[in-house]
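In C-alpha cells, the next block holds one chain alone, the form predicted on its own.
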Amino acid sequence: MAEISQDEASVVIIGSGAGGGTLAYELTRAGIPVVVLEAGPHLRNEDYMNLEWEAFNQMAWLDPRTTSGSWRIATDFPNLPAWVVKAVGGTTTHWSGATPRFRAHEFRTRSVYGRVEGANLLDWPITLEDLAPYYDRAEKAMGSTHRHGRPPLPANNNYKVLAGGAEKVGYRHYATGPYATNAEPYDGRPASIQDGFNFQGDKNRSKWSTLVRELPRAQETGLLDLRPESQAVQITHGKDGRVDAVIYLDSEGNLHRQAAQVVCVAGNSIETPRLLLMSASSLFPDGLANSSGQVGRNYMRHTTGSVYARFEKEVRMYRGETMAGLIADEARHDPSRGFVGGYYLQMISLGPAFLASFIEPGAWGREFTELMDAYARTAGLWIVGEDMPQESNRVTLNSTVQDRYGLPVPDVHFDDHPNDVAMREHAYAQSDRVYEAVGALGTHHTPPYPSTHNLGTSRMSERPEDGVTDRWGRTHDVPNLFVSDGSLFTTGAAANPTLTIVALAIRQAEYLVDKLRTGGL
C-alpha cells in the first residue's frame, strides 16, 4: 500500500463504500495515486460476528444523529434514522445484494410523471442509454446473477413461497436475482454456502463488496493510501474557490490536513451533506458548493415496509440467502394504481432477535408473542419503491446536539409524501394477495426500518440552480470537488441503489482520468 505525504496534493476520496471504493480502484488501475479517508475501522471478513445485535454494534454507524418530521422512524428509532456501516467497505459490507437496473422512464420522472403536487421532481441530466455500458461493467465486476451468463442462485423455501404466490396472482416477472452473490466461484470469490444472515457481514466472501474486490485490487497497484479511522470534518479551499485540502480526525481525535488536488465525497447521503455544510466559509457561507441551497435537500430513503406471513407448515425463511428473490411486476409507472412510480417486492428474513425488535416496535402482549411463536412457520418480504423527492425532506446541522468531537450532528427530517403512502398501502395489499394465494393463515405489516437506501441531498442537475452537481458528479460551484455516492441521485427510482452507485462511480472515474491527464480540472 502506498504512503502518500500529507503535503502532496492528491486525489482524496472520502468514504470507501460502493462509490468511494469503486472510484479508488478505477483511478489507481489507471495509474493515479489516491488517498482514501474512511471514518471506520478496517474490519476483515473473518472479523464479522454471526450474531445479529453483536454484528450490528460491530459494523453500524452509531455516532449520534437526530430525526424530525412525521415519519415513523422519528418515533421508533429517533437516534438511528439510517442503518449504514462505519468501516472499510462502507455499506457494501452490509447489504442485501440485489442489483436491478433503473428503467428508462426513471431518469425522466418530471417529463413522464408530470407535475406531482409537493414533489420536487426533476429529470436526470443523463439517460439510461448513457449509463447502460457502465451498468454492464458494474454487473460484471459485482458478479450479478442472471446477467452476462452468470447462473442464478438456488431457490430457498422463502423464495418458493414468494414465487408460488406470485404465479397464482398472475405476476410474470419473478426470479432469484439479479443478486451480487456467487452461485458458483467467480472472479476469485467462492460460491455461496447459503449461510443465512450474511447481509450483516459475509464471512464467506461470496457476496460482492468493495472490501472484498475493489480495495484489495487498488492496494495491489501500490497507488492507494487507505486510512481507516480517519473522519473528514472539513474541506478547505483557496482564494480561487478551488478545494485544496481535507481536514480529518484520527482515532485519537488528533487533527490532520491532507493536501488535495481533487476531492471526491462519498460518505453516504447523510454524512456527505453534513461535511459540505460543515465546510462553510466566507466564500461559501451556506456550505461548500451550496449556492443553489440544495445541499442536504431532497433526501430520499425509498418507500419501504415489510410483510410477514404465517403458515401451517414450517418455512424456515432464515435458510439460504437472505434476499435472493424478487417480484418485479409492480416496478412500473402506472398511475391507474393511484400513484406514480413503482416498487419491487423482495424477499427478506430476520433472525429472532431482529424480528422481535423490528416487526412492531414497542409492541408486547399476545399478538406480539403469536408472531414470534410462529417464527419457523413465517415467510417474509420487503417493499422497495420510489419515494418522491421533497425540498423539505433534508439533512441539516443540529447545532444543539454535538458528537464526541464537539461537531454538530446531522438532523434527518422526513415526511412521507401522499404518493409514498399510497404506494406503500398498495404494496401491503398486493403482498397479502401473494401470501393468501398460497394459504397464509395471516399477515403482519411491519413499518419501515431505519433507512438503508439513503439517496439525494447533493443531486445531479442540468442547471446549477436546481441541484449540486453536474452529469459527472462534479459540483457546479467548485470545479475540483466531486460527489461520488447515492447523494447524486436526482430521483430515487424503484431499484435498489448499489448497482447504480457503482455504475456512476465507474463513469465518473473515466471522466476524472481524462480531465487529470488533459488538465481539464
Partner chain sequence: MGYPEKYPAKYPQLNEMEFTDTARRILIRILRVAFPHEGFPDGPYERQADQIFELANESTWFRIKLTQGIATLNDLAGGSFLGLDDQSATKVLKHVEHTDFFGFIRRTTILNMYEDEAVWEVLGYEGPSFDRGGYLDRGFNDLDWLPDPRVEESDEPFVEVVSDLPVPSRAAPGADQPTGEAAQASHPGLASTTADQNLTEDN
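Positions refer to the first chain, counted from 1. Note that this is a predicted model, so its numbers are computed, not measured.
Keep in mind that the form predicted together with the partner chain is not shown, yet the notes after this line are about it.
Although the partner is absent here, residue 320 sits close enough that one of its heavy atoms falls within 4.5 Å of the partner chain in the predicted complex.
Among heavy atoms of residue 68, none comes within 4.5 Å of the partner chain in the predicted complex. In the predicted complex, the partner chain sits within 4.5 Å of a heavy atom of residue 156.
Remark: residue 194 counts among the residues lining the partner chain in the predicted complex, judged by a heavy atom distance of 4.5 Å or less.
Comment: the partner chain is not present in this chain, but in the predicted complex one of 148, 366, 239, 404 has a heavy atom within 4.5 Å of it, namely 366. Among the residues 176, 390, 306, 231, the one placing a heavy atom within 4.5 Å of the partner chain in the predicted complex is 176. Contact here is defined as any heavy atom lying within 4.5 Å of the partner chain in the predicted complex, and by that definition not a single one of 217, 489 and 506 is a contact residue. Residue heavy atoms within 4.5 Å of the partner chain in the predicted complex occur in exactly one stretch of 271-279, 310-318, 391-399, 286-294, and that stretch is 310-318.
In the predicted complex, the residues of 113-144 lying within 4.5 Å of the partner chain by at least one heavy atom are, in order, 113, 114, 115, 116, 117, 123, 124, 125, 126, 127, 129, 130.
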